[in-house]
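One chain comes next, on its own, written as structure tokens: the form predicted on its own.
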Amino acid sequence: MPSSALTAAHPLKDVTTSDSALRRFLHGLPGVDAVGLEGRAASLGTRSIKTTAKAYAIDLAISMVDLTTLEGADTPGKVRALGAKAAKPDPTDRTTPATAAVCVYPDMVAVAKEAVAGSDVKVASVATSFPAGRAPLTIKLADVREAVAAGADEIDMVIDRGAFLAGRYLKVYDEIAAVREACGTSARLKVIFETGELSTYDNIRRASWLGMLAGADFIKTSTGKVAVNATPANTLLMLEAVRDFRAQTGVQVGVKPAGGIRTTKDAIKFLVLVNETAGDDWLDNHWFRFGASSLLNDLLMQRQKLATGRYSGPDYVTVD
């Protein structure tokens, strides 16, 4: 069941009653020790895992992929092929798990929905004038409602980074809450911060709490359309935020790193971050996702290598 913005009984409800109260709360969050954060992320990234654990991690990572195509040249045929691949990533091996979702533009939701029919694969749609988020709220909400009406199970919205960086936190909060309402009870909401444009770790921490306060079901690093996307450090920081938010409110929120995660080795590093920071409760595709396009192919090749002892030829996986 999707969450909603804070109720009157919520322990943090008062911090969103005014711009000044919200600013006071967000700027009162502990400052981020950048050296310590990056050091811990790097240290966790060196952990090695045994072969049996690797097999489990690969299947878990496959099940967490939001298989994504967000290009101006997307066609119904490409989206149908993506949906088929998401439902049956390896048609030669029925034990291969399906991916969590396919992620497309709003006008491709109906096509994607038909392509994954009969499977557990969700359809996620970007919205709110993705990727820049530069549009009036009425247009952003129309974007969301159109995607939900077409059958989207999840909405990946982008925040107004300009408003956030200008310190207009209540405007950003109100937009997220409005999108949350437009999602209704059927669609979960992922809130994209575009961490590469937020400049500082302190801003990423503030954006994480702002998104969760406004009713995000997931907080997401990036659109995948800028130079700096998901990194171990910014994802670790967001994992700490969801952990601490649940400790204070009892509300669990998911995390989705997106962009730049291309190899099985990368994915396993992120799973270690999840396990060591947020814990087992987040090691499930209801609470952790990878926003990716090329990652799935590497996971499939590594999975086949573990099973057979050899890599397949270049025709083993499809080229998206």
Partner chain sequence: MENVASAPASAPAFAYAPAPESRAVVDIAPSYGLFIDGEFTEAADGKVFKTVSPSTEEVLAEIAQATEADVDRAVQAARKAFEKWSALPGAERAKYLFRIARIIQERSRELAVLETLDNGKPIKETRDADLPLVAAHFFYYAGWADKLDHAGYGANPKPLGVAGQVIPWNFPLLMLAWKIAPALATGNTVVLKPAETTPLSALFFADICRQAGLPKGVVNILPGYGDTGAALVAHPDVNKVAFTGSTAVGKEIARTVAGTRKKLTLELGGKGANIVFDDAPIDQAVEGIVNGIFFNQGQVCCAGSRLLVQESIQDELLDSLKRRLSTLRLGDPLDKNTDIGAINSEEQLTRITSLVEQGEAEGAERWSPACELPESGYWFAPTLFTNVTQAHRIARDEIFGPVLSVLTFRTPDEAVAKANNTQYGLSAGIWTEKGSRILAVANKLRAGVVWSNTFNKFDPTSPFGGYKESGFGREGGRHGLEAYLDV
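Just so we're clear, the structure is a prediction, and the values are computed from it rather than from any experiment. Positions refer to the first chain, counted from 1.
Same protein, other form: the form predicted together with its partner chain, not shown, and the subject of what follows.
Engineer: Suppose contact means a heavy atom within 4.5 Å; in the model of the complex, does that hold for all of 48, 205 and 212 with its partner chain?
Structural biologist: Every residue of the candidate spot has a heavy atom within 4.5 Å of its partner chain in the model of the complex.
Engineer: Just one of 66-74, 255-263, 277-285, 291-299 has residues with a heavy atom within 4.5 Å of its partner chain in the model of the complex, so point it out.
Structural biologist: Looking at the partner contacts, the answer comes out as 277-285.
Engineer: Would you kindly say which of 140, 85, 188, 113 lies with a heavy atom within 4.5 Å of its partner chain in the model of the complex?
Structural biologist: By the 4.5 Å criterion, the partner-contacting residue is 188.
Engineer: Find the only residue in 153, 174, 240, 146 having a heavy atom within 4.5 Å of its partner chain in the model of the complex.
Structural biologist: Checking each option against its partner chain in the model of the complex, the one that comes within 4.5 Å is 240.
Engineer: Look up in the model of the complex whether residue 160 has a non-hydrogen atom within 4.5 angstroms of its partner chain, and give yes or no.
Structural biologist: Residue-level check for residue 160: no, no contact with its partner chain.
Engineer: Tell me, yes or no, whether residue 180 is in contact with its partner chain in the model of the complex, where a contact means a heavy atom of each within 4.5 Å.
Structural biologist: Yes, residue 180 is a contact residue.
Engineer: Taking 4.5 angstroms as the cut-off for heavy atoms, does residue 167 touch its partner chain in the model of the complex?
Structural biologist: Result no; residue 167 lies far from its partner chain in the model of the complex.
Engineer: Check residue 78 for me: does it contact its partner chain in the model of the complex (non-hydrogen atoms, 4.5 angstroms)?
Structural biologist: No - in the model of the complex, heavy atoms of residue 78 and its partner chain never come within 4.5 Å of each other.
Engineer: Residue by residue through 17-50, tell me which have a non-hydrogen atom within 4.5 angstroms of its partner chain in the model of the complex.
Structural biologist: 30, 31, 32, 33, 36, 37, 40, 46, 47, 48, 49, 50, in sequence order.
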